[in-house]
Structures are given as structure tokens and as C-alpha cells.
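Just one chain is shown here, as C-alpha cells, and it is the form predicted on its own.
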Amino acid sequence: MEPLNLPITGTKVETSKVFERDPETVRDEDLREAIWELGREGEWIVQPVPEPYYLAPTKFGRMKKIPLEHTWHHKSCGQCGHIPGYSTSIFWLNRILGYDYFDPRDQTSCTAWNYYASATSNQAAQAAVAMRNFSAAYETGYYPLIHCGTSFGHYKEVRHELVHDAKLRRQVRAIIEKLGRPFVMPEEIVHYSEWMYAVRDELAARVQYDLSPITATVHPACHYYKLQSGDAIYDPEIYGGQRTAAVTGVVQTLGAQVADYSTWYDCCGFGFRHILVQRDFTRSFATLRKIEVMKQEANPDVVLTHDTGCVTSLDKSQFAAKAHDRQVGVPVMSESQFAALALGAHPFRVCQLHWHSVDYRPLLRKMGIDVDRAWAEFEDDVSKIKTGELDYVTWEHVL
């Protein structure tokens, strides 16, 4: 396999091609006006993006509003279940930047993984789950920010269906009314990695380590930019606007090197169904089509991505390949964890890297982080919790 013709210069992956986008000539539908029109007709309440917001360029040249604060964090069931440092890194970054946010306790899972993997649901039920979460955010006065790429893509599909299907809208509205909640559609559906992109310069101003020796490869989440793809972030300054700028734009701005590889567009192996019913296929695809190719073509210090399933598949699959002496052994994490580390977050209290499978210690040492000291501090926390001296680790311990 030959790497794509996108040469790397300094910290930027560059291309000579330039794509000029004119939103007026794009066939892809912009749903936002239809959403506002349905709001004016009384079909639902439209929740506007709160100020301050960042205007980000999207695939077809339209500008998307990204709220900087007053965000309601729609967490990921997979992140909370087995990558908890993913979410806590996002929260930590909000706190470091001084942005107001809300961590809800009454959010439900989006249930998309179950739906796409097993089809044990129906259209109205899936849409009702999405709209119930949107209403919960609206009632707090905060704006939904989606942590999971699968939830993000799924909710965009739900939005498309509800805009175009009046019968489905009536069904779902009736369900929401039975719950005693308002029927609300957000102006924009926003993924956390878009927020990371929006605040990348603020993050870079607070970096504590020299990241120039670090080489990262980026895996873009399919559920982020392939489902209802029109409002994913594309920046003419990143990959010449040919690929989504999420993750890469942040990593470059932080000062790390971003290396290209030939299977950039490939799925991580998670899929919607494979991870449940063909796990060996997932493990093989993740290691043979992604990790080994990255290792051979770029030899990165870390793989960075922006979705629950991607971190899970690329990190947790490597043990199987290692047992067969394959060329693996690259740590995997979200760009939120990497950014938090770069800004001085504790590797274990905040980023919780001890939940990851592949050895991350060489990366931390190369970044200049004293991993042995950090581990000793974390072990001391655990000892204090065991003896009752400490109930749990709080934000006061980590800021």
C-alpha cells in the first residue's frame, strides 16, 4: 500500500490541491432553515446555539456555530464504562479554560449501538430517545454537546428523519408529551471534537510541554464524518480541506507532528455490528489495516481519535496481534486526553490512562511527564480511599 500524496512539512500535513466550495451550488441539503421554519410553524421549539460561539467551516463551505460554553455534556456509555479518562479530560479542559458547562445526571444512552448492531428497536423509539435528551438539555438552559461519535451521527440521522417525516414527528411528539417534556430540536448538533477545534488556540497557549518530538497519527471516526456528512468540520488550512479537520487541527496547533498513512479513511474495525457479532474481524481489521500500517509507514508515538468505539477497538485489539508477534504496540487515546496531558493534567487522576491496554509510559516520558511520580501519587490516592482517609478524588485534587 502506498501512502497518500500528502507530504508532511513541519507539523502540518499539506497538499497542493485547493478545493473551492460554494454553499449555494451544493446539492447536499442544509437542514437548519427547515428546522427554524418548523419552529415558526409550532412543530417544535428550536434551541439556539448560545453565545459566545465559534464559526467553523464545514464540508460544503457552510459555517457551523460551535458553542464555547453553557454546554450540556451528553456523555458516552462506552467512555463512562471503560474509557473514563476520555470524559474527565473534556471536563478538565473546560475547567482550565474557565468555560461554564453542565454534567447531567438524567441523560440516557442514545441506544444507537444497540439499534444499528441488532435492529432491536424502531424508528419512533430511537427518535424519542434523542428528543428526550434534547429536551433535558433545554430544560437546564444549557446546550447539548455530544461526546460520542456514534451518538452524534445517529442524532443527525434522527434530525433528518424528523424534518422530512411529519407522521414520525407526530409520533415522537406524543411520546415526549407523555413524559411531560418540551419537544425541542437544537439549532446545530455539535460534537465535542468540534469544540476542541474551536478552542485549539486557547489550548495551545496553555501547553506545558514541548510536543515537537511527538509524532501522532490520526484516525477519523466514521460515525463523525460519514453519517450525514455535510456539517463535519473541514478546514482549507488542514489537508487542503480534503479531509475532516477534527483532531488533526487540534494536534497540529498543540505543536505535535501529524504523520499521514495510506489507510486513513478506513474504519477502525468497530463498525456498528462487527464488534458484537464478529469480534475477531474487528480485532484483525483494527490491527492489520490500521495499527500495523501506521507503524510501518509513520511509526507514530501515539494514535489519536475522537470516538468511543475507535479508541476501544484500536487500543483493546492490539493484545491479540501482539500474541502473534505482529508489528503493533502503539498507545491509543482521544485527542482530549492528549490535549489534557499537554496542558498538565494528571495522567491517572484526570486522563485515567491505567484503563488503557497498550503501554503509554514511553509516550509520557517522551512528552516530558514524570510518569513514575504520577503513578506513585495515584497509588497514594488509592491507599487513602482504602483506609477511609479520602472518600474519592475530587476536582480540587486535580486542578
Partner chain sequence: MPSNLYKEVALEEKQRLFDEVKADPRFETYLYGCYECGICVAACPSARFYDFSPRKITQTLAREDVELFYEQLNDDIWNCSQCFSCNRCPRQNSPGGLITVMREVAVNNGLRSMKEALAGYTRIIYKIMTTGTQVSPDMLQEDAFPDWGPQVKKVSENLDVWRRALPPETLHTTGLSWQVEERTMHELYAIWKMTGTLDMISLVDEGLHDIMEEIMDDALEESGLQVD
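Only a predicted model underlies this, so the values are computations on that prediction, with no experimental measurement involved. Positions refer to the first chain, counted from 1.
Same protein, other form: the form predicted in complex with its partner chain, not shown, and the subject of what follows.
Residues with any non-hydrogen atom within 4.5 angstroms of its partner chain in the predicted complex fall in just one of 122-130, 206-214, 249-257, 190-198: 122-130. The partner is absent here, but in the predicted complex a heavy atom of Cys222, alone among Cys222, Val184, Val328, Val303, sits within 4.5 Å of its partner chain. Note on the partner interface in the predicted complex: the residue among Cys267, Leu93, Ile233, Ala137 having a heavy atom within 4.5 angstroms of its partner chain is Cys267. Its partner chain is not shown here, but in the predicted complex it comes within 4.5 Å of a heavy atom of Lys75. Within 4.5 Å of any heavy atom of its partner chain in the predicted complex lies no heavy atom of Glu202.
In the predicted complex, its partner chain lies within 4.5 Å of some heavy atom of Arg27.
The closest non-hydrogen atom of Tyr116 lies within 4.5 Å of its partner chain in the predicted complex. The putative spot formed by Glu33, Trp44 and Lys65 is not touched by its partner chain in the predicted complex; no residue has a non-hydrogen atom within 4.5 angstroms of it. Along 308-322, a non-hydrogen atom within 4.5 Å of its partner chain in the predicted complex is carried by Thr312, Lys316, Phe319, Ala320, in order along the sequence.
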